[in-house]
Structures are given as structure tokens and as C-alpha cells.
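This document opens with one chain alone, in C-alpha cells, the form predicted alone.
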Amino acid sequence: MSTILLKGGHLIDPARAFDAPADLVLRDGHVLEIAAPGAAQTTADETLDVKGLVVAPGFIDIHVHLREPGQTHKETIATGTAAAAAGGFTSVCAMPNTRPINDSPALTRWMQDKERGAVVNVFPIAAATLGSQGEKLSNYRELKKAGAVALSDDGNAIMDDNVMREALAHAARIGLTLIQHAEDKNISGGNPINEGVMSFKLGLRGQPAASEWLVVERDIRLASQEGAHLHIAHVSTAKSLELVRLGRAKHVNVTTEVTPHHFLFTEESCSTYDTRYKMNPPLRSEADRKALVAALIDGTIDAIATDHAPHALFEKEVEFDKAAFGITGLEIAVAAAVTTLHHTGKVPLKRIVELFSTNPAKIVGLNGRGTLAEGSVADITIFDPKERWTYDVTKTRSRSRNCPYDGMQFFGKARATIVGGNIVFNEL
């Protein structure tokens, strides 16, 4: 493998509290040398001029739906990871709601096979219960051996208290994070929109915020009792954030993520029945959106994850209440964060890198990633925080186009993505 010199960039590595101009040398899939600008001692086979750009540890999306196996009309591992690379992600964690459900070591290994054509690292998240039915635990030990990095019944909260307690206890013993999609469907009804003024105006049944936060409240209590690591997926309500803060004050190991669409949009976006804005959890109120942004700033939220959920056009171009939940987002997540959080002066770029790399690596235990320390894996994200650009969904690398970002202008664009020392996306 060749030796690559990244020359002239601004290196940001929150894991080492490093935020300064530096040159970086990569060899044999790892970081070989970090040097002051122009002072690298290693002779390189290839030099990339990254002047004016941020060089960061590879970004990790811990919540992605790659749809393969079983739903390749929406996405494949190859197309989904190509979109991830274009968005600056070097790793994605694939949720288990494939067909069949990924609750077996065999399927976990299959998803990681080179024949799938992945462009970036794929780390499967396996089902916490068999068939994601919330009844009987899957084999956590064997799933971890097969490469699963976390457990989740994403899309189906584990509602039985005893099953959830057992899942948390067993996950803690095995050393895996349990990720919960916090939604009590007895309360939410699987309804298509947030319960509030907008749902009333549109004549649609809504999902009360309590359908989320009541599950969060219970799960934090159970995680405290079992000493487990609980991760709340795509948090969307202010009340849930309050409960996370209270849990941490009591030393509960609870982390959480937010999606770009939840800190960009509100339920008002649904006013014209545009199904591109239909997702689960639904877009909430402006007060909730502001609470999410505040939590990104103060550290309550640990990570930004896309919940990339591709769908075919025929699944979205129907009546609002019949349309599938979810939107794509791998190609705009970094830009959404830079635009909303950094260009408004709310957070430094170090915090952006922390949300996309340092913390996600910790949440799912990706040792050797989320940092650029010498000897770490050469997964690198290079982006221009100042570049202004317009998203064109017709140029997406994803197989699906169900997103509301088409035509939106952003600041911040991935310029190159390096995975294991190999350049997999390059717009330098």
C-alpha cells in the first residue's frame, strides 16, 4: 500500500484535544506520522494538497438503513455506502430491519462480505430480539463475534419491561450498547405527524410527544438498575432531553443522537402534505427543534446520525398518511451541521467533528477509530467548512431520492474520504 501525505490542512482531533495546522502521513492503512506543516520526515508516494481544508478522523454514521438484503429496490449496500463516502462518512452502522431481520451471526457476516461492494466500512447493528418482535433475545455473544457493534430493534421499541431489563443486562455483560427507538405505539398509534396544531389543521391523527419520552424515562430507569449503556436513537422532543440530563446527573450511562432533519425542520414543513417531510419520529414543534439545537451545543446530544431511510418513489408519492416513513440524508448531514451549528456561531468545528466522529466511535466501541493518533486506522474525512453549495438530488449516489433537501444551499462540503488508507471519494 502506498504512503500518502496530506499536506497543508487543519487537523482537528477532539480525542487528543488537537486543533491546529498539521501534515498527516498514512501508510499501510494506518496513521504513521503527524508533523508540523512542512516537517514530515516520511517520504510519500502520493501527496494531497489539502490547504484550507479540515482534516478529521473519519466520520461515523451510527444510524443507517442500507435495505440489503430484501429491499434492494430502495438501496443496496454498494449504493448506500457510495452516498456515505460522498457525504464524508468512512463508516456506517447498518440497522437490522432488513428482510429477513438481521438477528443472526450468518446475516451479520454476510453484510460485511466484500461481495456486497461496500465503499466504506459497514458495521452491522443486530436485532436485540429475534425477528425484532420484542419477545426473545437474540444471541448477543455470537452476534458480537460475527461483527455486530450494537443491538437494536430499531423501528420497534422493546416495550415489555422484563424483556427490556433482560436485554440491557445481557448487553452489559457482553459489552454492547443497546440502542432504543423510543416510541410507545400504543400512544403514537403509528400516526403520520406530530400531535399539535398542524395535525389538527391537516386533519391527521398525531403522535404525542409522550409516546417518545415515556419510553425514554422507563429505559433510563432500567439502564440505571442494570448498569448498561443505553443509547436513545433520533431523539426529537425537549422532554426526552430533560430526562437524559436527569439520568446523567444520576450517573446513568445514557447517550443520544439527533438527525439533521430534526434540527433543521419542524412540523410546519408538513403543511402541504409533502411526504418528503414524513419521518418517524415525526418533525416536532419549533420549541422542540430549538431544544435539540441547544442540546447539541451544551453536550446533551452526543452524536449526529442521519437515520438514512431510502424509499422508492412509489412508496412516497401517495397520500400523506399512506406514505412510508423516512428520508435519505447521508450526503447532506455534514453540511446541515456546519450550516446550522457552525456558521451561525453556535459551536466550533471541533464540536462538529466530535459529534460525527469522536463520540460515535465511543458509542459503538470502534477502537482505533474516531481519532487520528499515530497507529490509528487511516479513516479520514476532509471537508471544506466554508464552501457554499446547492444540493442536487438528481446527482445522488443513493438509489432513492426521497429527501427534502433538493435545491437547498449549505455551507460545508466533503472534499475527500479515505477509508483504511484508500481514497474512496475525491473532489480535491
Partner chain sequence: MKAKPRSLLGIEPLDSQQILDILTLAKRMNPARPRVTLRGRRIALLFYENSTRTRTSFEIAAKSLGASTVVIHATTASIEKGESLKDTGRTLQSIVDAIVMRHPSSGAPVLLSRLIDIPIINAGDGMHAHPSQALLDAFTILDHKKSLKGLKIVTIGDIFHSRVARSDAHLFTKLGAQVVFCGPDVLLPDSALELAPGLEIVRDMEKAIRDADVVMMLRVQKERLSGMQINVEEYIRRYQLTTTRLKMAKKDAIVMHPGPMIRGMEMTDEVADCEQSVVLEQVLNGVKVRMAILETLLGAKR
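What you see is a predicted model, and the numbers here were worked out from it, not measured in a lab. Positions refer to the first chain, counted from 1.
Separately, the form predicted in complex with its partner chain exists; it is not shown, and the next lines address it.
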Non-hydrogen atom within 4.5 Å of its partner chain in the predicted complex for each of 154, 159 and 217: no
Residue contact check: residue 204 to its partner chain in the predicted complex, 4.5 Å heavy atom: yes
Residue contact check: residue 286 to its partner chain in the predicted complex, 4.5 Å heavy atom: no
Residue 196 within 4.5 Å of its partner chain in the predicted complex, heavy atoms: yes
Contact label in the predicted complex: residue 106 to its partner chain, heavy atom within 4.5 Å: no
Candidate stretches 233-241, 333-341, 83-91, 268-276, one within 4.5 Å of its partner chain in the predicted complex by heavy atom: 268-276
Listed residue that, although its partner chain is not shown, lies within 4.5 Å of it in the predicted complex (heavy atoms), from 298, 113, 135, 319: 319
